[in-house]
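The chain below stands alone, shown as structure tokens; this is the form predicted on its own.
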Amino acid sequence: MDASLLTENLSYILPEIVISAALIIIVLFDLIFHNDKRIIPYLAVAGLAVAGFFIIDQFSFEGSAFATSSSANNFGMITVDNFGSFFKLFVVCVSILIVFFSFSSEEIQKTFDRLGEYYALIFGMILGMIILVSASDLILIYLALELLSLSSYVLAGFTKLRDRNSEASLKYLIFGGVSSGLMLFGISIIYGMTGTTNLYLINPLLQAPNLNLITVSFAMILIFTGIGYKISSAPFHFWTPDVYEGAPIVITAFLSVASKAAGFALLIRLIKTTFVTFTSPDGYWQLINAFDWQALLIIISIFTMTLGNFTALWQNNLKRMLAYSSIAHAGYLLLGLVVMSDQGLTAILIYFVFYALMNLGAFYIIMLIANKTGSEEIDDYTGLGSAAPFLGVSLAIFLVSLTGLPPTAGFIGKLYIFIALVDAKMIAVAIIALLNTVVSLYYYVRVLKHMYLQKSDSPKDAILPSTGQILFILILLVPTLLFGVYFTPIVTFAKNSISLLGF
């Protein structure tokens, strides 16, 4: 590879380079100035801001980097397109919020002496995620997934304040190891059949008339196992409740939003790059007749949302309840992919923006309450509406938005999913999703009932958030309400971000 080509390829991965450099700077600063770690979070924010600048600069630009000599049309291991840039920017924005989230976390502040390691692991996750959303080679996909997973395994048990922290980390590691092994087995089968790991090269090879469809189906199910584990879809969700409950709340929030988004970006790119031959004028994808993705995703999405919602009904721990809620939301998001159209893909991007706001907001308030009460149990929320009026009202709005009721952003997210389903004439699936939404209303309202309609046996101490904490909540709360009535900018941004390289 000559110098000019190397320079061009490196220009495509400037965000990844910035994140890697920021990780190294954080580690070095932690080693050199180990007695003063207060500046480390600000270094993290600065690194993320610079990476965000380069990501924004890549919008409306398409290209491919690190192509081998055999790559058709010079498609390489990394692709730069609006779709990947959207998810990279999403991950970076969520990560900045998580840094400020960490300021208020007593669990993280109690491990202040290990703050350098904490942010180094966070940046390891971020690097894995932004590589994952733009990777177009199965080997690079696997390496990025492992980088993301290994960092998150450690972070799940990072605080070591309770036994459940170590339990969460161990369970996450075991389930993650099994799913990664199955995914790697599926990748090896695809490589054995096609002789390549590049998604763009695999596409025409899967159209061969003598292809063994049973073997392809088996390999794709194995690969989907690894992705399904990352997005918490049933039946690969078993790790989610225990890990979400046992991990520090800030890490639980990060896993439930950013990690899930990276998994969905990977699944969408895998399907559209490898199995779609062209997009019709009305926006529907024409898939190769090698594996029935639509049937699999319909079954998985219905199973995921139904299991998540009905299991959440019985949860008394709010983190565990939100874990099952997160599983249910993965089911709703899969519905956007089920229709196999640009309209469905737009709905997914819209949903993710709004889901990040309301989910991070709910977790943040639960963390602030847990800081004061030392509990995440729903019974300890009895009477909190009067003891913490601002937090109570804010949590109520976030939970209403998670349900999908107007006039909140959550309603708009679900509305676009339902519109895509109805336009695709999947009325039965839309009705099942609607019924699931009704079920979810019960366990969200149950929290509000404890806060406002039940009286506590003993008076609650007032919980007064600081000015900074109020400001952080408003940063999430105001858009949740604003986008419920004025959502055109997000819809326009999503529509401009659905293009993948080559399509």
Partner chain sequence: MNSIPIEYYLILSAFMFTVGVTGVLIRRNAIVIFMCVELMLNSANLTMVAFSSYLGQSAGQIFVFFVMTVAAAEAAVGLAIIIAIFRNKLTVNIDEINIFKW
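No experiment lies behind these values; they were computed from the predicted model shown. Numbering follows the first chain given and starts at 1.
There is also a form predicted together with the partner chain; it is not shown, and the following applies to it.
Taking the partner from the other structure, the partner chain in the model of the complex has a heavy atom within 4.5 Å of a heavy atom of residue 168. The partner chain in the model of the complex is approached by residue 138, whose closest heavy atom lies within 4.5 angstroms of it. For residue 374, no non-hydrogen atom is located within 4.5 Å of the partner chain in the model of the complex, even though that partner is not displayed.
Not displayed here, the partner chain is approached by residue 142 to within 4.5 Å at the level of heavy atoms in the model of the complex. With the partner omitted here, the stretch from 294-302, 169-177, 79-87, 346-354 that lies within 4.5 Å of the partner chain by heavy atoms in the model of the complex is 169-177. Checking 378, 221, 182, 415 against the partner chain in the model of the complex, a heavy atom within 4.5 Å turns up for just one residue: 182. Interface residue among 228, 128, 246, 385 relative to the partner chain in the model of the complex, by the heavy atom within 4.5 Å criterion: 246. Taking a 4.5 Å heavy atom cutoff to the partner chain in the model of the complex, the one contacting residue in 300-320 is 320.
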